[in-house]
Ligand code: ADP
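What follows is a single chain, given as structure tokens, in the form predicted on its own.
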Amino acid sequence: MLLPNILLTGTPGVGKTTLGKELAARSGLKYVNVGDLAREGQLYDGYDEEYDCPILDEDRVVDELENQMSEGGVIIDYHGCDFFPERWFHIVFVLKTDNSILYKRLETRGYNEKKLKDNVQCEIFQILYEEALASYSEDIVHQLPSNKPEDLENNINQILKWIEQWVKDHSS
């Protein structure tokens, strides 16, 4: 059976991982957190002192994921999206969180002041939504609210319905 590939993107702290893991559990799709994949495979290209984090080797990440993505049925979770091939995804969901909520979430992660400010500004200016619109066909890019537990449940149900319809539309 043919299954769709889904991209979950958005600023760090918007709830991509929580949504992705729960969605995978309920849909049977495979969940891939790009940050974890990079850590496990050491898919880095240096270290960013200012943000105190490794720099992702995007080409190696794409190479690592290519086979899985061509098979289908994968949920990708990452805060960037402009380096993934457009052909990979059937739908892209950009999670959006209110700034005050996001600030608190990132603060509990122990982000330094610069990283905190930059990520909240990124959310204010909808940088990742714009990146998704620039990287993929507009008709497959959707924003989802991610503030409260009810949002999580609504998003899961909405995406499960979409998956079900996609599978129906693509079964021979």
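Just so you know, these numbers come straight off a predicted model, no measurement behind them. Residue indices: 1-based, along the sequence shown.
A second form of this protein, the form predicted in complex with the ligand, is not displayed here; the remarks below concern that form.
Counting ligand atoms within 2.4 Å of backbone or C-beta atoms, the overlay of the ligand from its pose in the predicted bound form onto the shown chain yields zero, and the pocket is open.
For the options Asn147, Ser27, Gln143, Gln126, the residue carrying a heavy atom within 4.5 angstroms of the ligand in the predicted bound form is Asn147. Of the heavy atoms in Val14, some are within 4.5 Å of the ligand in the predicted bound form. Residue contact with the ligand in the predicted bound form: Leu152 places a heavy atom within 4.5 Å of it. In the predicted bound form, at least one heavy atom of Arg109 sits within 4.5 Å of the ligand. Interface residue remark: Arg105 is counted as part of the site for the ligand in the predicted bound form, having a heavy atom within 4.5 Å.
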